[in-house]
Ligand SMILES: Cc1cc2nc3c(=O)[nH]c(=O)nc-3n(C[C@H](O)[C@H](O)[C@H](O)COP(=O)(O)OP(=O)(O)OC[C@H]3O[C@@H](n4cnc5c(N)ncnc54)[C@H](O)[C@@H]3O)c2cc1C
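Take a look at this one chain, the form predicted alone, written out in structure tokens.
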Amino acid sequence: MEQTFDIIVVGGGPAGATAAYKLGQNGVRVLLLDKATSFPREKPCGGGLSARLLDRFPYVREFLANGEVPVNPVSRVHLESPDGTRVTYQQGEPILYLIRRWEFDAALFRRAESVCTVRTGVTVRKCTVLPGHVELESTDGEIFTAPMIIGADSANSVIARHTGLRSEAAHKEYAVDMMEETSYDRLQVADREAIYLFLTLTQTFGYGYIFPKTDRLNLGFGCKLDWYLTALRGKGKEHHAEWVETLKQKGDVTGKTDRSCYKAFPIPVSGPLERTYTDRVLLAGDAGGFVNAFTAEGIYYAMTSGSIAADIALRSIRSGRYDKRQLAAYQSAWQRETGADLAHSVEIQHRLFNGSGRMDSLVRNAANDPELLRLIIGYSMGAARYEELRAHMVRSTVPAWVWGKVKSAVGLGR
């Protein structure tokens, strides 16, 4: 007998699984589709969870605490600028919780699976919005229909493209993250209690990183897609091996890279799409561009956008209204919660990753200014507001006598 669903969620990663889980808990008949044939499934990613993610989604804190997903909490950051200046920041509480994405995503998927219908091994090749429903066609020719859908089908979202919500050239919107996740018996790191961030690839938009997991080392680098296509097409593994050798020369890692563990994947780094909804369709996670353009963090924004999408979808299902005017509330809701943060991340990316030397100056100043260093790391990890960082950066680069005159002029010095 053919089943009837209130909504289809396309993509079982953090955004889609979060949306499906929340909707299913509220009694909605959900069909969750994913192209993976089974979970756990491989997912290349740095795999860092911020404290704010655990605060917003308490069930994640619970399954980390009970050991369902192994986690390495780190409270130290080694930060290096393009000119080689390195500073280390340490705090009492964990800065980041490091997990393997294949384990984390599987835990989220299990929760969604407990409250909705799941179909794996389904790759959607076509999405058509019709007057009374949305029709999805798989690569096998199977047809799925529902009154509305949530597209959470990755940076290469079929839903986003087929509904006209993503139209710009890909090279303007994406970076490529190239990484490996290798066991410690082959590749080791000098400091397993810290993450390493290398803001060294300014000409290409970029960063390098080392994230030590519980039993594996994750390291890699990212660059703009246009530079990757020009300089690295077909040479990714070789370039990655050179990057590992650079880290060995710095004394940060020892051992040998495992080329069979090398993976490359796209990340949207131009902020959320101009519009993340249309008739009967919402976009969440990478599909909607919900990634921090400065840090490339995506998990928090994916889950948050998935949760908000579920809220708006639930309202639409209960009212029986699926038009753009009804679903526009989604854009307003995510903008209230994460919009300013994501917009500022694009601004910072443009200001710092441009070869101007601003990144060098910022890190050099942070080496002598503990509060600036705290705010840089705090902003990168979602623990400090952009306004705090910007205000301190302005104050720290303006001579004290100027501030004295400003205070006097506005009566603050009395």
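All values reported here derive from a predicted model rather than from experimental measurement. Heads up: residue numbers just count along the shown sequence, starting at 1.
From this point on, the text means the form predicted in complex with the named molecule, which you will not see here.
Taking non-hydrogen atoms only, residue 56 never approaches the named molecule to within 4.5 angstroms in the predicted bound form. In the predicted bound form, no heavy atom of residue 244 sits within 4.5 Å of the named molecule. Shown alone here, residue 23 lies farther than 4.5 Å from the named molecule in the predicted bound form, counting heavy atoms only. With a 4.5 Å cutoff on heavy atoms, residue 255 does not count as touching the named molecule in the predicted bound form; it lies far away. Here the chain stands by itself, but in the predicted bound form one stretch of 46 to 54, 373 to 381, 360 to 368, 23 to 31, 46 to 54, has heavy atoms within 4.5 Å of the named molecule. With the partner omitted from this view, the residue of 302, 112, 149, 269 that lies near the named molecule in the predicted bound form is 302 [heavy atom within 4.5 Å]. Screening 209, 322, 294, 277 for any heavy atom within 4.5 Å of the named molecule in the predicted bound form leaves a single hit, 209. Residues of 4 to 32 that come within 4.5 Å of the named molecule in the predicted bound form, judged by any heavy atom, are 10, 11, 12, 13, 14, 15, 16 in sequence order.
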